[in-house]
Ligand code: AMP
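Taking the form predicted alone, here's one chain by itself in structure tokens.
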């Protein structure tokens, strides 16, 4: 049975392809009853999504996905039930967005050096409304015929050792968690199965995340396999984390899994939404 809860999704305000209203409409059509919008480093879609959610009888959760540099790797921390007006959070995200613009210029220069021209303008055309990300460069590269799809782009470009890759310093783990918890929110480690850390580094990350005030990890998410559901459920239990669930939906043709398709959490998990009034009566 599919879960009616989805606590990780993206709109055109970051690197999704649907407006916040369209995203909510799609969620409603797929049977989602509790939805969090978690755009990368940006809160600009929350008010629009909340209004649309009211019209579709969806319980809406204010969220964000913060880019973090950890031991020379990029990881993502989702904040759920945040207060969007909390000054340290808004100021910190403003700084992250400024850094994205500078990185985009460096990526474009790298691509220009290997004969791929016009990528900065092309990426911003796909970005449309707000932040600039590697996903926008990827969509330009597909459009320009340099790869057959976005997944193929990330095998040939924009990743370590390939043209267009740029090291970038995001915010620190403890700082990101403090922004979230200081705003009254819950800090969740996003899609841990995507980081390819190995057992020792994953253990270190989870221990540091817990020490910083992290409360949950994503166990069921669009990029995890069923085997990983069980693995991260066990790690959540081992470290005393609650478990979260979200599709990480970015729009048609740009998603690991559609909304409304995720299974429920494994039976041994403590849901991150335990005690939330928004979820009462659903599970």
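All values derive from a computational prediction rather than experimental measurement. Positions refer to the first chain, counted from 1.
What comes next is about the form predicted in complex with the ligand, which does not appear here.
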| item | value |
| --- | --- |
| Interface residue in the predicted bound form among 28, 255, 215, 235, criterion: non-hydrogen atom within 4.5 angstroms of the ligand | 255 |
| Proximity to the ligand in the predicted bound form, single hit among 150, 116, 197, 96 (heavy atom within 4.5 Å) | 150 |
| Proximity of residue 133 to the ligand in the predicted bound form, heavy atoms at 4.5 Å | yes |
| Residue 103 within 4.5 Å of the ligand in the predicted bound form, heavy atoms | yes |
| Close approach of residue 224 to the ligand in the predicted bound form, 4.5 Å, heavy atom | no |
| Partner contact for residue 154 in the predicted bound form: the ligand, 4.5 angstroms, heavy atom | yes |
| Stretch in contact in the predicted bound form with the ligand, which is absent here, among 56 to 64, 247 to 255, 29 to 37, 43 to 51 (heavy atoms within 4.5 Å) | 247 to 255 |
| Neighbours of the ligand in the predicted bound form among 1 to 27 [non-hydrogen atom within 4.5 angstroms] | 15 |
